[in-house]
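Just the one chain here, laid out as structure tokens, in the form predicted on its own.
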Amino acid sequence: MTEAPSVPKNRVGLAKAEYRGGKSTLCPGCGHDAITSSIVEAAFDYGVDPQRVVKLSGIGCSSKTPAYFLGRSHGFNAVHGRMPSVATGTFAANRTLIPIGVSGDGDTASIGMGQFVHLVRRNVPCVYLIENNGVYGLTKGQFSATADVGSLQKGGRKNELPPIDCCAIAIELGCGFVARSFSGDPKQLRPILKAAFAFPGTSVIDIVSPCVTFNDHEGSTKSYDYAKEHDEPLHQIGFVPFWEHVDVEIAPGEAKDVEMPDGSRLRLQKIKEEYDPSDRLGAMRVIHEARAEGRLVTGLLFLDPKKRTFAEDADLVEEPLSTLPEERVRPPRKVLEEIMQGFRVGSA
């Protein structure tokens, strides 16, 4: 009798099947499904524990996708644009969880912008994915706030309003991990996702994800053809996890190694010119120049692995709040009076 071949498992002893979810109900060829596939691969490779993950979303095609990956994880589908608040509360209640927030360009850049900016400025530990297709897919393809000037709707209407660039806003607010990628480039997207899993604060990843039904035609700047033709990667990205340190000899100037807080390393190999992801002003300049010239610059735009997190600033306890005894969650009157005194104007 021939033995069945063993199923490969990762460092936490799980097979890749443990990272999949339900069957997608999105349109065949949707860029969001390609992102889902990259999430499954990256989470398996990095060895994320699915039972420690909480998947969060708002409303829109993008917000359906958490059902299609990490089926053993926790999940919460919030109302439109309010996912960042739920992510903040989730982490405050249980900092042992790994929040993955999936949003869309409408869910983040329109109704959810106020929520998005406060999650970023607080540096709440969360992998924040923006599945960006430039349209409202659920309501028949109107321009979203990220649509480029001059981009054409399927019916021929031209967008006249300037786009909101979520990466530029995130960098301006001090986000410590900001990247842009393309759903059709898993070779780039997967190491970015693995690095985001290793990052302790907010990691914002804006992913151009073509809508095959309403925004994949000629004249669209979020179509597959446009993204492939105009995509300009800043660097080739490799990720070396902390348990697999590999030292290789690289000629000076060819690559830049960035150490992550967990000991993992990002290896950025330049393609066209030297790019320093720690240069905040340089990142903003590249974003603005690319927009003016109609280029899609992708890669790790900005990284500050030493930025203080929400857990440190809020002095969060290590244990989940639901496990704390009553005497710790109901402090005596004296303690409450001391807290209130600290808020009074002119107090010492």
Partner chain sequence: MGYPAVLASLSGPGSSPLPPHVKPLVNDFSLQVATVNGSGSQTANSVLLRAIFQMGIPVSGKNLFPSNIAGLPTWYTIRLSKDGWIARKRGHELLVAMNPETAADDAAAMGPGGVLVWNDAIPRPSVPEDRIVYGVPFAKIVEPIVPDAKLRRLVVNMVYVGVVASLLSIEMKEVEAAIQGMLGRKKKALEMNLAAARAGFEWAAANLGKRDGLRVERMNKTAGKILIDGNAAAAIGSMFGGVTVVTWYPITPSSSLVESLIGFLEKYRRDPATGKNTFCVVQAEDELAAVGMVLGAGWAGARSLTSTSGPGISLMSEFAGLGYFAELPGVIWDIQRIGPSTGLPTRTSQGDVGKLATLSHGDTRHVVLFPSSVRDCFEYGMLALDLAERLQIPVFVASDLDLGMNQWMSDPFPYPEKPIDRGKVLSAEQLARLPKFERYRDVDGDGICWRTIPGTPHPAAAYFTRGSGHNEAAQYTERPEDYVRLVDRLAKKYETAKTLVPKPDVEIRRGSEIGLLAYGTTHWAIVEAREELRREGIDPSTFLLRALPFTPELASYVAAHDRVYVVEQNRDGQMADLVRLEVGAEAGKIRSIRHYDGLPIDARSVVEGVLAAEREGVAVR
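None of the values given here were measured: they were computed from a predicted structure. The term rigid core refers to the maximal set of C-alpha atoms that superpose within 1.5 Å between the two forms. Numbering follows the first chain given and starts at 1.
The protein also exists as the form predicted in complex with the partner chain; that form is not presented, and the subsequent description refers to it.
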query	finding
Segment that reaches the partner chain in the predicted bound form - one of 257 to 265, 184 to 192, 100 to 108, 77 to 85, heavy atoms within 4.5 Å	77 to 85
Site test, Arg180, Ala196 and Leu281 vs the partner chain in the predicted bound form, non-hydrogen atom cutoff 4.5 Å	no
Interface residue in the predicted bound form among Val212, Leu152, Ile169, Ala92, criterion: non-hydrogen atom within 4.5 angstroms of the partner chain	Ala92
Contact of Arg11 with the partner chain in the predicted bound form (heavy atom, 4.5 Å)	no
Partner proximity in the predicted bound form: Ser37 to the partner chain, non-hydrogen atom cutoff 4.5 Å	no
Ala17 within 4.5 Å of the partner chain in the predicted bound form, heavy atoms	no
Gly114, heavy atom within 4.5 angstroms of the partner chain in the predicted bound form	yes
Partner contacts in the predicted bound form for 293 to 326 (non-hydrogen atom within 4.5 angstroms of the partner chain)	Phe310, Ala314, Asp315, Leu316, Val317, Leu321, Ser322, Thr323, Leu324, Glu326
Core-superposed comparison between this form and the one not shown, Ile339 Cα displacement 2 Å or beyond	yes
CA of Ala17, rigid core aligned, shift of 2 Å or more between this form and the one not shown	no
